[in-house]
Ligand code: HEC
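What follows is one chain in structure tokens, specifically the form predicted alone.
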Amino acid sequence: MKSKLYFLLFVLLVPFILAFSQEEKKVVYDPPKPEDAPDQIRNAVMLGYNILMNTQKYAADYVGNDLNCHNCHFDGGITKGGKNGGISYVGVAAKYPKYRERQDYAVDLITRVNNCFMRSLKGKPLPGDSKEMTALLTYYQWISKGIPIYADIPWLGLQKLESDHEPVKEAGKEIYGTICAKCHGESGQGSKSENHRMSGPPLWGNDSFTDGAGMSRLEVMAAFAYNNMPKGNPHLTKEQALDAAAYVTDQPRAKFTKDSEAW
């Protein structure tokens, strides 16, 4: 009789045990500050942060346009993404190696970083043993501190923009001129602030990202614009974001070819 009661008690408790177990596995957003890194790695962490915030200065030899990493990864990627959060880097070190459709294979974080430098920054790859690459990897690992390997990290990446709206390029041109051109320029050339730091990055032309960058895809640009533009006060509707993205991604930009990956 007792064994049956124990069994029944166990069956009743299983859902609570599982729920508690799942709760324990939940990933918590609590990234450490770069300046709080231990002495042994602080210089590398801070260099990684500076590269992301001012790529033009701290990784000048590897950049071929006027963009900086923080144009997409706000605050060095130490954000929770979503509205006005850009694309987060917190936890990215726990997600690689990772399968990538472009390579049809699992790639490591070095390859992923260099894809960004070549496709988005129109530059060249950082040597794997360079101080710049070492700094970036150290930075990613530091701000991913405490996140389990291959955990489900809900704030990483861009959430797909769900809409039945068919993008209209002509409407996007008007939206761009009214809202976007104030920071990004009438001809997509970007604009600089008084201290000569880029305040609105170029969105097309030779000084912008290539046609091989993720942002050159309409659905990616629309999702980013909807969540983040205008920066500091994102208020585009889904329809406006899609229309504006249709216009911007249709503009001329540098070509990226498979030969560029021959490195």
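Quick caveat: nothing in here was measured; it's all calculated off a predicted structure. All residue numbers are counted from 1 along the displayed sequence.
Form predicted in complex with the named molecule: not shown, discussed below.
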Open item on the list: To verify the annotation, which of these, Ala171, Leu109, Leu161, Ala94, has a non-hydrogen atom within 4.5 Å of the named molecule in the predicted bound form?
Closed with: Leu109
- [ ] Tell me, out of Lys57, Lys26, Lys231, Lys33, which residue has a non-hydrogen atom within 4.5 angstroms of the named molecule in the predicted bound form.
- [x] Lys231
TODO: Using the partner position in the predicted bound form, report whether Gly200 sits within 4.5 Å of the named molecule, counting heavy atoms only.
DONE: yes
- [ ] May I ask you to state whether Thr138 is within 4.5 Å of the named molecule in the predicted bound form, using heavy atom distances?
- [x] no
- [ ] Answer with yes or no whether Arg42 is in contact with the named molecule in the predicted bound form, where contact means some heavy atom within 4.5 Å.
- [x] no
TODO: Consider Lys238 of the chain shown here, and say whether it contacts the named molecule in the predicted bound form, taking contact as heavy atoms within 4.5 Å.
DONE: no
TODO: Sequence order please: the residues of 49-73 with a heavy atom within 4.5 Å of the named molecule in the predicted bound form.
DONE: Leu52, Thr55, Leu67, Asn68, Cys69, His70, Asn71, Cys72, His73
